[in-house]
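For reference, the chain that follows is the form predicted alone, supplied as structure tokens.
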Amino acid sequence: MTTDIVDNLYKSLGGVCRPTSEDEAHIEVHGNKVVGANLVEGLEVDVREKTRSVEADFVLKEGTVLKGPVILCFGLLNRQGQQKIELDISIEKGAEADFQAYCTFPNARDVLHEMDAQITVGENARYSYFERHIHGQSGGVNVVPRANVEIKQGGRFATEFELIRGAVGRIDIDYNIDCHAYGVFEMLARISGRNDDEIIITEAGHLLGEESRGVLTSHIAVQDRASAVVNNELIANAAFSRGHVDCKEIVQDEAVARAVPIVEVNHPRAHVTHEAAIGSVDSKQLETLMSRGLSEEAAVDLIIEGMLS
């Protein structure tokens, strides 16, 4: 039965992300039950199943560099239910890892997916986190990811959130990052909303140390009656810290989009910039594609796909 659940989780994702080697670390969670796992040397994992959640502590030991990604597969195949993931991730000094999380809710009608994460990227360590969501066409999912991230001196953190297949339902992202001297972070969200989807993104980056760097990027497309609100805040507090906020939103039909970029500089040698653009698809791009034989609908879809790719 457990094997069948794992097979069906990966099948709903198209199977492309399924681990194929014993050298690849992976954990599969269905609802609040761990249904599969494989660990590798240098990565310590403590997983605890609770009544209403799964708690997982990941420690990548000092100096460990993982060759392959750590695959996390979270999902619920039922139409109704709740999944809560509580993560504590520590990437120790000089360690490097790429985590890939795949979240699938193909049959959802009333599903709550929550994630609370505490992430520490150690001195001169590197950690990247890619998260892809696959939802059904009717929405029915309430996605609530929360994360607090600390990047120590010289650490590098990159995260990418993607939800472009299926209806969103409702998503409420809230990330907070503290970045110390010579640290770097990059955050990218790519989301397509339709029907009555509701998209809320709240991200705050704090450049606390000398020569720290940060970029917050949001690319959102909404159509039908969907709505999107993006709140990006970047604060520079130290000499030679640099940051940029970039928000692009495409709006169609009766959809509504809002962007609130906040930049704050508290040191005369720091520098932060921002760019926000909200509107329909570019008319020149649309005309060019239609002149090459595409219908207006196909041309619009292609432009949106290009922005989100």
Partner chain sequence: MAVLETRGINLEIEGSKILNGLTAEFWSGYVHAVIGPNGAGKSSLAGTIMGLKRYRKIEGQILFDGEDITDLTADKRAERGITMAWQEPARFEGLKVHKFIGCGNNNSSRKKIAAVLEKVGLEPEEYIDRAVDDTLSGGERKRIELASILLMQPRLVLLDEPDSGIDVGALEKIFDAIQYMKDQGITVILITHSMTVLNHADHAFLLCDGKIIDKGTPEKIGRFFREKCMPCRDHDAHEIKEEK
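As the structure is a computational prediction, the values presented were derived from the model and not from experiment. Residue numbers count along the first chain shown, from 1.
One more form of this protein exists, namely the form predicted together with the partner chain; it is left out here, but the text below deals with it.
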Judged by heavy atoms and a 4.5 Å cut-off, are 285, 294 and 302 together in contact with the partner chain in the predicted bound form? yes
Within 4.5 Å of the partner chain in the predicted bound form by heavy atoms, the stretch out of 53-61, 36-44, 277-285, 256-264 is 277-285
So in the predicted bound form, does any heavy atom of residue 289 sit within 4.5 Å of the partner chain? yes
Any chance residue 309 has a heavy atom within 4.5 Å of the partner chain in the predicted bound form? yes
Does residue 248 make contact with the partner chain in the predicted bound form, using a 4.5 Å heavy atom cut-off? yes
Within 4.5 Å, heavy atoms only: does residue 219 come near the partner chain in the predicted bound form? yes
